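So this first bit is one chain, no partners, the form predicted on its own, shown in structure tokens.
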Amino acid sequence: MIQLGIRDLVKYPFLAETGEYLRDKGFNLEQLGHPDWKPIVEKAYGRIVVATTGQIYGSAIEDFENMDSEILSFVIAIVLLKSAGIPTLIKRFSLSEARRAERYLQRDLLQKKNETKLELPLKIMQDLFSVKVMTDKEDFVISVSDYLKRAVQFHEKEWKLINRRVENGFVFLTAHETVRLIRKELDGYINSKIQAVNIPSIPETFRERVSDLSLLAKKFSEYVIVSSDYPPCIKHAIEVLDRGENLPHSGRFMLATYLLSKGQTADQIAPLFKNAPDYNERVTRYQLDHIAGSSGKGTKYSCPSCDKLKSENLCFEIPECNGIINPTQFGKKRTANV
């Protein structure tokens, strides 16, 4: 059995051991509602705000005096989010925290010479996600079945099994690739922890920040009108974003190039991505300007072909798609054939 230290709980506050640690320290919701604890509530609120920007919250791992406040900020953030009950904010927070934990998992995996450091990330992946990861010199290996189950969510060619090193039923991965494989499951696990929290009532000192979360969510609540003229692949991409779910990079590229080809500007397209769990306004605008050819070398990108989209699992073909080779032809071919 691994004995977790307080630094481990700061890095991975979603573990069950966190609750045990806080109970042993005597922390409870009523106590945290005292005005003296308001700075921790503010830290928790700030942690949520950081998540909504698409960034990753940074903890002061080496600051011994603030270890408890770092752990409590995660727990209180969950209380605030559950009390507000806003799915978009919960999704953004869980993804941001998953990406944060991913960084620490990768760092711990890279410290192979320290068996204690290596033991915890391997246990997390085994216990929480049933993925047995083993080491092989500088690489990490997992079974082909475990790999295929998770790699299906990626559309980039480097994740195709044919492009991986495979030996005796095992796939070889870097530390980064290993933890990247479980991001979606880690995101879902943290989300489920928030959903499972039962809070009969919250301290009065929490209520102001819960109200602020409702205001914060309004900037992500733009509704998208999906044109009946859009092909099904584009409709699906917009609907995924509208639900606050993650659209892969290839899907975002498809959506941007398609809408640009229809005469829309980067300013008009940008709001579509606001509901993405990892939305970052600056990055989104930069990428849209780059795709539109208004930055850098001025290269304007075209919408991928239907065959390309099929290979990336982005095609949702319907009978009206017959005869087209690119989404931009949808409707035109249909009109010509009438």
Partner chain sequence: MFEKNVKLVNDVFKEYYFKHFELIHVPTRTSEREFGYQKFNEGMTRHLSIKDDKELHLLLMTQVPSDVYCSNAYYSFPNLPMSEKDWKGADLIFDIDAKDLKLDCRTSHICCKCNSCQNIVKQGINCSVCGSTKLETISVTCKNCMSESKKEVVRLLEILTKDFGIQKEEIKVCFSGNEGFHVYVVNSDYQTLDSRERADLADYIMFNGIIPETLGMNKQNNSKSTLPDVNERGWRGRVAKEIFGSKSKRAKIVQEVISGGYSVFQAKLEDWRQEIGVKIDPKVTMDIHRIFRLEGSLNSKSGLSKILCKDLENFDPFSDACLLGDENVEIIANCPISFKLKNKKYGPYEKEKITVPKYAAVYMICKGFADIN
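Just so we're on the same page, rigid core means the largest C-alpha set that superposes within 1.5 Å between forms. Not measured: the values here are computed from a predicted model. Residue numbers count along the first chain shown, from 1.
Separately, the form predicted in complex with its partner chain exists; it is not shown, and the next lines address it.
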- Which of K82, K262, K149, H236 has a heavy atom within 4.5 Å of its partner chain in the model of the complex? K149
- Note on the structure: Only hit among S145, Q111, S192, Q126 for heavy atom within 4.5 Å of its partner chain in the model of the complex is S145
- Note on the structure: With a 4.5 Å heavy atom cut-off to its partner chain in the model of the complex, the contacting stretch among 99 to 107, 247 to 255, 68 to 76, 162 to 170 is 162 to 170
- Query: Quick one: does K157 come within 4.5 Å of its partner chain in the model of the complex, counting heavy atoms only?
  - Reply: yes
- Any of the heavy atoms of N313 lying within 4.5 Å of its partner chain in the model of the complex? yes
- Quick one: core overlaid, is R207 moving 2 Å or more at the Cα between the shown form and the other one? no
- Message: F316: after superposing the rigid core, is there a C-alpha shift of 2 Å or more between the shown form and the other one?
- Response: yes
- Message: Rigid core superposed, CA of R183 - does it shift 2 Å or more between the shown form and the other one?
- Response: no
- Query: Considering a change of 3 Å or more, are the Cα atoms of K235 and A98 closer or farther in the model of the complex than here?
  - Reply: closer
